[in-house]
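First structure 1, then structure 2: two forms of the same chain, each alone, as structure tokens.
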Structure 1
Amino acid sequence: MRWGVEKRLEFIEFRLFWEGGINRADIVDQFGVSVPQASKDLTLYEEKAPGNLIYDKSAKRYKAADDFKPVFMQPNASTYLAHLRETNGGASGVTEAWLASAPEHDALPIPHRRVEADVLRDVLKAIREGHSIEVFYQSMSAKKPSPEWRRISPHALGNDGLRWHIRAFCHIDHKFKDFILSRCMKTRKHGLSGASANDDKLWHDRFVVALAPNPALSESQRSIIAQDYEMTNGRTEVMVRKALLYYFLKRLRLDFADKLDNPHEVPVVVANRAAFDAALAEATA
């Protein structure tokens, strides 16, 4: 079967599963095929996945059967929700909108400067080819009130939950650091790399964070949290790169577990706090 046909069958199944029904017109709109071809596709789908399709004459629409069994995809809630979040952002790009009758939805607006496509492109190139590169970077340090050209040897990208960082060797400070991608205004001058990616210890080393329900919660609440985090014996372990450990602390609000009035706010606490603090000290040194 040709790739285009396969995609259309997948599309039919996607719509049936997540949106409950599909039309010839849906296929025509999505893929620009002719109406007879859309008919053939539906017939073909019925052949390949017998019993999944039921035509509702009254609604003039194919509906998913009660015992619908997907054969062209594995339904995954996270994937659907990720798509949903994308439709919110507006810019679709590669992923076209397979969601037609999406539910009303909204995500928290995270205000931020946009990342320049050309900057990202050049950084990716430097990572790929093992170059160093100069970035016109706005540092937060008080000594540098305006952006400066800095040479860095990038080797990876990291996401802290709110924004993306470049993980790179800094040719000025002679160590590996994070550079916030959106603070790179422009790039220039590829050059020789200043360090091997393998030497970025904090990036490659991972610390195993042990999480436990906040002991300030009631027992029944603790057990609910344990289920939420899929804990076994009231514990769950999360491997976190040391370079990301600081952001992990902040994102999960682990730094305030004890100081907060309401334990409800911080469902989990770090169970191996001493080791955690040591690792964090190492990472932020």
Structure 2
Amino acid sequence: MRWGVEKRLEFIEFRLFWEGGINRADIVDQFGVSVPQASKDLTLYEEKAPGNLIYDKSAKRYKAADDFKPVFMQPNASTYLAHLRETNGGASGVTEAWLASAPEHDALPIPHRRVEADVLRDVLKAIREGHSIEVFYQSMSAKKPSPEWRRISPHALGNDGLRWHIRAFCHIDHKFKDFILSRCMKTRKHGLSGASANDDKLWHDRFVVALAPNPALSESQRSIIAQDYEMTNGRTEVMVRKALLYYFLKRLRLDFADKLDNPHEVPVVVANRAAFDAALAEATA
């Protein structure tokens, strides 16, 4: 089956499963195909998934049968919520939303971080060609209140969920560091790399973070947290690059677990804390 056809059949099934119905116009509007093609798609779906469709003559719409069984997709709440997020203008990982009748919803807005296109293009070129590059960078260090030109050898980009940074070897500090992409104001002068990407041990090494429900919660609360995070025997493991451990700690507020009086504000804690702290110390040294 051609990819385009299979994608439209998946769309038909998505609408049937999550919204209860579909018509030809939905397929035409979503994919830009002709009405006859949309009719063929619905007929093909009926052949491939017999018994899933019921035609409602009064509504002129196909509805999902009571014993509907998906054939072209695996029902996943995360997939639906990603489409819902997309209707709100968020970067959810889907290229376009498949929802026709989304429930009223909203999402927490995240302030836009400006990244200069020319800067990003030049950084990508340096990564691709294995070069170093000078960036006019504004540090947040009290010792560097003004921007300065710094030569770096970039090899990767990282994201902490809120902002992008460049993972690069710093020719001033002689070590691999993170440079916030939106604070790189200009670029210039490609040159020889100061280090190989393979030498960035903290980027390539990963640490398994073991998470468990906060023991200060009630038994029932710990049980729902374990279910919420898909834990097995009260524990889940997350593989994180050592270079991203600090951001992981901050994003999940794991550094506040022992400091807040209200455990409900930090529902999970690090179960392998000693090993985690050691790995974090290595990553932030």
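Between two forms, the rigid core is defined as the largest C-alpha subset superposing within 1.5 Å. Throughout, residue numbering runs from 1 along the sequence of structure 1. None of these values were measured; they are calculated from a predicted model.
J.: The same chain appears twice here, once per structure, so which copy is the form predicted alone?
T.: Structure 2.
J.: Q221 and H105: do they belong to one rigid part between the two structures?
T.: Two-body split between the two structures; Q221 and H105 on opposite sides.
J.: Please report, as a whole number of degrees, the rotation of the smaller rigid part relative to the larger part between the two structures.
T.: The rotation of the smaller rigid part against the larger one between the two structures is 9 degrees.
J.: Please state the CA displacement of R113 between the two structures in angstrom, with both forms fitted on the core.
T.: It moves 3.9 Å at the C-alpha.
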